[in-house]
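Next up: a single chain in structure tokens, the form predicted on its own.
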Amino acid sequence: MKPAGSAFPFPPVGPRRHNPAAVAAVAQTLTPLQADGLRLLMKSEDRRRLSRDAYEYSPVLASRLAAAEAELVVCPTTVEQVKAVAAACAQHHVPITMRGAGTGNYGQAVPLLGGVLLTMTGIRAVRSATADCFTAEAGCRLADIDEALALHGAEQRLLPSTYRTATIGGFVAGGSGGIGSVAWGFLRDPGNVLGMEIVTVEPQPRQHQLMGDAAAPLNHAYGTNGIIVTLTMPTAPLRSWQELLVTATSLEQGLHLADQLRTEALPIKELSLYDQQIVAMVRPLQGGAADSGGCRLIAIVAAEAMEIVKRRLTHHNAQLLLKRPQTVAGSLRELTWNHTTLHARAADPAWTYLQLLLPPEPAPALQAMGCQQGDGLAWHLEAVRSQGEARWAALPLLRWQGADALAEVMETAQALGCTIFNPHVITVEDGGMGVVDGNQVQAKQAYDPSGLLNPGKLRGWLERRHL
């Protein structure tokens, strides 16, 4: 069995590269800007609350990040104020950790070395919106972007399950995909982010407009290599979406049904599949059925596709438990992706989870892992596109039995052909493909030459510094 430490690499924290006097000097420099709307939060309860995200999903991270806390929280309302924060921190060599709404799960927004926590929720304007694309400031909520786009007959392509609270900057910097990935793939797929405006961390910060490939190194980089202040992204046509909750007798039956739906010429926004264990824990998935047994499929499909969908349900002996128009509040999409983990842990906090891309033929891996883990594993699957190919991602729930047992499950999954995106590690690389992206390191050298942004989260930078 692989040692647990190799499955959960965690770079050493420290020594601190600043001192309390340096943080005090940054605060003193920024104090005059409070008259223009910038806020400085110094109370311990504010610093503690804003230095956390949902990393407690992982018992590994929960123990390792418990003591991490910012020494000063700064809340700007303009890009000029962001530049002032970057300048002050660069001059006094104080780390900066970026934060949006804090809806992530991997400790991306947790300041490992203290310093300044720069929360961007006050920078939230939609600068432009058309039928083809939008440009929004990093702190803009996704729900507000869709409201602006609706006036132009458009909507966003990709959304996290935290749609109502998440910010666009946090989604791009910390997320990977979500609702819409069945059609549009992942955020890092070319074309899903058209460009971004960033601020560098230097004594005299610069603003850069990065378009196309130049923006890619800052996509899903945890805010380690540049301060994103605006994002430009493409849209999709606005549709009247219907949310469906479907019961299937087995996970296999649900897979066959979902695979048929997505191979047909139907506008589909979400296909999410849950086994019986998860249905028993997450009451809304039961759909008010007297017998809550069976697996469940959440499908979000365009209204014009409903007649075809109903025929496919009949063909697969599946039952429609619920059909309703998609709305902002109370949407079934808040049961999908990592909201599933949230709901399951609310019922039983002994569960943790993994993130997998299943092999092109997923059934053997599902069966083998299910047989090995028994009721210690519960399947939650998400239909996605990966490099243009229809695939299934999985966010399986796992009974926490210690780091060694979790490492063994991951080793088994890899042997079965699964790609693991490890949610129990802290660095960009180890939570992704596991390899250093030289373009991300080069971007950090160009836009954060002193290595002050979110230190400890970009392994390639740490390894480069120690060569």
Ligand SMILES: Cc1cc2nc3c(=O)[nH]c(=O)nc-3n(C[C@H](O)[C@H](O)[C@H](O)COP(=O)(O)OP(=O)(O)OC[C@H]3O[C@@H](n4cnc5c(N)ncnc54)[C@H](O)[C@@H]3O)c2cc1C
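All residue numbers refer to positions in the sequence shown, first residue = 1. What you see is a predicted model; the values in this text were computed from it and never measured.
Missing here is the form predicted in complex with this ligand; even so, the following discussion is about that form.
- Only one of 323-331, 280-288, 261-269, 103-111 lies within 4.5 Å of this ligand in the model of the complex by heavy atoms, and it is 103-111.
- Contact check for residue 129: every heavy atom lies farther than 4.5 Å from this ligand in the model of the complex.
- The shortest heavy atom separation between residue 297 and this ligand in the model of the complex exceeds 4.5 Å.
- The closest heavy atom approach of residue 83 to this ligand in the model of the complex falls outside 4.5 Å.
- At a distance threshold of 4.5 angstroms between non-hydrogen atoms, residue 162 is in contact with this ligand in the model of the complex.
- Exactly one listed residue, out of 177, 95, 396, 254, brings a non-hydrogen atom to within 4.5 Å of this ligand in the model of the complex: 177.
- Although this ligand is not shown here, in the model of the complex the stretch 219-246 places heavy atoms of 222, 223, 226, 227, 228 within 4.5 Å of it, in sequence order.
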